[in-house]
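Consider the single chain below, provided in structure tokens and representing the form predicted on its own.
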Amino acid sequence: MTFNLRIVLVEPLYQGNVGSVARAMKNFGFSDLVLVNPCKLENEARALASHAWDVLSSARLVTNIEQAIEGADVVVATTGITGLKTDEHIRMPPYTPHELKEKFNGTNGTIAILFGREDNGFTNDELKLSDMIVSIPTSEIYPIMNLSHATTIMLYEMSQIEAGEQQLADGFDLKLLNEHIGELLDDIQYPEHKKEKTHLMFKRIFGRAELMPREVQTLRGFFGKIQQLLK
């Protein structure tokens, strides 16, 4: 039984933040760091990483988020700006770090947590790649946290997860399930202006459900049978 946490920093602007994140990861026993198009990592990054230089130097460098989340079973995006309406599925519903920890306690698999750019976070299209949204409760006066501080809070909560018997469904199988939903929406001629939002809603539901491998296969078989009958 293993629980693996992957930290993904998307286009970080400041090397000091990257070094500080590596240090926080080592503080809490994590080492799987992926950097998407990072800034130059030189002396400042190494100095702030301190004794976590091994985490920083072994970080995987990729050019897009799709590469960064490859192999992850669940993808969680962090945001300081959440949706204001319940039908805004791109940023809803947000979990707190503590709620996320409680949700995955007793499971095993790989969870990738994405952190956006320091200046403007994620685009909506990037957020759509995630299965879940997490937001750290902060003062309304100044809700946006420093990247390394936000990462540290997440790492603290995730470090308390105890792996258990419940195996999370494979991320690739979940991807196929989500593609199946998209095909089915086309097959039933779902209203075009509602299709994207509905598809994302299903993705978020599946992400929150902690689906097991057998459940994913059963759902795919069920949707496949509907498609056969429609055709």
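Just so we're clear, the structure is a prediction, and the values are computed from it rather than from any experiment. So that there is no doubt, residue numbering starts at 1 and follows the sequence shown.
Another form, the form predicted in complex with another copy of the chain, is not on view; read the next lines as being about it.
Novice: Scan T107, T110, T79, S148 and let me know which has any heavy atom within 4.5 Å of another copy of the chain in the model of the complex.
Specialist: Comparing distances to another copy of the chain in the model of the complex, the residue within 4.5 Å is S148.
Novice: Can you work out which of A49, V36, I69, L174 has a heavy atom no more than 4.5 Å from another copy of the chain in the model of the complex?
Specialist: Looking at the other structure, the residue within range turns out to be A49.
Novice: Each of S20, K26 and T138 near another copy of the chain in the model of the complex, meaning some heavy atom within 4.5 Å?
Specialist: Yes, because S20, K26 and T138 each have a heavy atom that approaches another copy of the chain to within 4.5 Å in the model of the complex.
Novice: In terms of non-hydrogen atoms within 4.5 angstroms, which of the given stretches 197 to 205, 28 to 36, 166 to 174, 179 to 187 touches another copy of the chain in the model of the complex?
Specialist: Result for this chain: 28 to 36.
Novice: Could you confirm whether L129 comes within 4.5 Å of another copy of the chain in the model of the complex, counting heavy atoms only?
Specialist: Result no; L129 lies far from another copy of the chain in the model of the complex.
Novice: Tell me, yes or no, whether G121 is in contact with another copy of the chain in the model of the complex, where a contact means a heavy atom of each within 4.5 Å.
Specialist: Flag for G121 set to no.
Novice: Should Y156 be classed as touching another copy of the chain in the model of the complex when contacts are defined as heavy atoms within 4.5 Å?
Specialist: Result yes; Y156 sits at the interface with another copy of the chain in the model of the complex.
Novice: Would you please decide whether P97 lies within 4.5 angstroms of another copy of the chain in the model of the complex, comparing each non-hydrogen atom pair?
Specialist: Yes, P97 sits close enough to another copy of the chain in the model of the complex that at least one of its heavy atoms falls within 4.5 Å.
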